[in-house]
Structure formats: structure tokens, C-alpha cells
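We begin with a single chain expressed as C-alpha cells, specifically the form predicted on its own.
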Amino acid sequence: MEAENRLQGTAVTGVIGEDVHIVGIRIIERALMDAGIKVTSLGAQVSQEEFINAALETNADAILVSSFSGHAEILVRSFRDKCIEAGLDNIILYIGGSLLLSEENWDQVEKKFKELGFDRVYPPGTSPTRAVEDLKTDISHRRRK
């Protein structure tokens, strides 16, 4: 039982930009905490710089960005570059939610955000369990490097 409660990693979470839709990220945060991942929740209307500063302060393994407004592509441009400039070369970046205003094939949406530097991209309705398991795997691989 104690092994299950051992800290599995650290993540910074929040909703980027002007977006105030917080329900999705709260569900993910609860699932992460239940899985033994320490969460620093920044809430809504978070800037790239706030994510980066929190990741530096907490020595985070990952940043999980939520967006529901459809403006994510604009809001996360250069995010990976800013992380690298701040010394977060190996930070794991996830993004999920309603990321674009236009209807696009999900494979194209995922490709677009991976090209922007995100390690994983999730559509609306993704099970929190999937994100948690992916994050545990990614943290484990990151720590082995």
C-alpha cells in the first residue's frame, strides 16, 4: 500500500491564455493526485511564463496545458522554445481540450501540436486515466535518460 502512495512525479497544470474553462483540468489534476503525482495547479488564464516559472520553482517533470477556447495554436507558439531557453530542456509537455476553432482531422491536429513541441496531444473527452498512465510512462523514461 505504501508503494502505491509514493510520489510518482511532479506536474504543473493550468488553462492557458484567456480561457476560463477549468473543469477539464480539475478532473485531470484529481486523477494525477490520486495516482501519486504531485500537482501544482495554476488555475485559469495562465501565461506561458507562469507555467515555466512554476515548473522551475517545483522542479517539475511535466507541464500539462488545457485549452477549451480553440485558440491554443496561437497561445502555445514558441512554448517549447521558451522552456528550453529557461533551462527546461527535458520538460514533458502535454496539451488537451478543444484546441482549434476549425474542424480538422484529429491526426492533423495532433501533428500540428507535436510540431509545436508537445509530447502528447489529447482531444476533448480523453479519459483522465489515459493521461495519467501516459505521464507515468513518460516520467519513467525521462528519468532513465
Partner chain sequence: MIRNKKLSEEEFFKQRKEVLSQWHTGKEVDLDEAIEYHKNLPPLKNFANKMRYAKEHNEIYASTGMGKATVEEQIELLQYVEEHGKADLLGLSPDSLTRQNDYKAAQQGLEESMRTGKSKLNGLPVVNCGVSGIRRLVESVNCPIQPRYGAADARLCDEILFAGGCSNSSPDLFMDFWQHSAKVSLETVVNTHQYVCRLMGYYTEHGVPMCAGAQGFYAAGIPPSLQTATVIISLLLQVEQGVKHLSVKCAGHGNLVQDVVSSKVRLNLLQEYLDKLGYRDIEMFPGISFNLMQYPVDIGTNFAVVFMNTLMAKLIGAQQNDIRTVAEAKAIPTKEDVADTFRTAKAMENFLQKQKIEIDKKEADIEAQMEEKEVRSILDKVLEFGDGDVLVGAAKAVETGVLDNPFAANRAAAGKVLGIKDSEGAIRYYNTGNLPFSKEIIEYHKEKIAQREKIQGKSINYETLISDLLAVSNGYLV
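Just so you know, these numbers come straight off a predicted model, no measurement behind them. Numbering follows the first chain given and starts at 1.
This next part talks about the form predicted in complex with the partner chain, which is not shown.
Among heavy atoms of Arg30, some come within 4.5 Å of the partner chain in the predicted complex. Taking the partner from the other structure, the partner chain in the predicted complex has a heavy atom within 4.5 Å of a heavy atom of Ser69. When the partner chain is considered in the predicted complex, Leu101 lines it closely, a heavy atom lying within 4.5 Å. In the predicted complex, the partner chain stays beyond 4.5 Å of every heavy atom belonging to Val39. Across the options 58-66, 113-121, 42-50, 84-92, residues that bring heavy atoms within 4.5 Å of the partner chain in the predicted complex belong to 42-50.
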